[in-house]
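Consider the single chain below, provided in structure tokens and representing the form predicted alone.
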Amino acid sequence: MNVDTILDNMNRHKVRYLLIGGMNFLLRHRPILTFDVDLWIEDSEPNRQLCHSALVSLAAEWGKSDADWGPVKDKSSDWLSVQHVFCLTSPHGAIDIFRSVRGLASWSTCFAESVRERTAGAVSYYGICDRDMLACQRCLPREHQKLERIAALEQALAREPRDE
């Protein structure tokens, strides 16, 4: 997986996104095995078009079914509006695109609280803050929660200075 290529491509296409999920946790806290890059995009028509262009550049593929699976460059321009989560493949790794995230406030509210970071390869990205990462974990069904991740996030939040 080449997270730098994926994030750099999103940045070059000016996609408004937040890095969420395991890759955000891996880059900001602990090295854990993750198999995809989860991106929560601002859900507006212009941003979905920018995301489509970035995914075309990444040679990403998606389909509603096996019969419909293929390059996103061959999809109609509004394909990103047909559902709320998309699981794509690309030569650079698996990419999940979210238009909404259960348990979190609006994209713009989470973006305002996001953390700007850089990968080891110096690619800039915005990731959801620890409080929002924890909210995402707690919102999952118990059997899908990552207890080690929850403990690490709780520890990180306990170290943050409190607003008085």
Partner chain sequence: MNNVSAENGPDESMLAEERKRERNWDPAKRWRAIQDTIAWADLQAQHPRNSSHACLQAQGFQTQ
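Positions refer to the first chain, counted from 1. Note that this is a predicted model, so its numbers are computed, not measured.
What comes next is about the form predicted together with its partner chain, which is not displayed.
Query raised in the report: Any chance all of L50, S108 and Y126 sit within 4.5 Å of its partner chain in the predicted complex, going by non-hydrogen atoms?
Result: Looking in the predicted complex, the three residues L50, S108 and Y126 all stay beyond 4.5 Å of its partner chain (heavy atoms).
*R16, heavy atom within 4.5 angstroms of its partner chain in the predicted complex*: So R16 does not count as contacting its partner chain.
Given that the partner is absent here, does A156 sit within 4.5 Å of its partner chain in the predicted complex, heavy atoms only?
-> A156 lies outside the contact set for its partner chain.
_Is C136 near its partner chain? Define near as a heavy atom within 4.5 Å, in the predicted complex._
The answer is yes: C136 has a heavy atom within 4.5 Å of its partner chain.
So in the predicted complex, does any heavy atom of D38 sit within 4.5 Å of its partner chain?
-> Taking the distances in the predicted complex, the answer for D38 is yes, it comes within 4.5 Å of its partner chain.
Interface residues of 80-111 toward its partner chain, as seen in the predicted complex [heavy atoms, 4.5 Å]: Contacts from 80-111: Q83, H84, V85, F86, C87, L88, T89, S90, G93, A94, I95, D96, F98, R99, S100, V101, R102.
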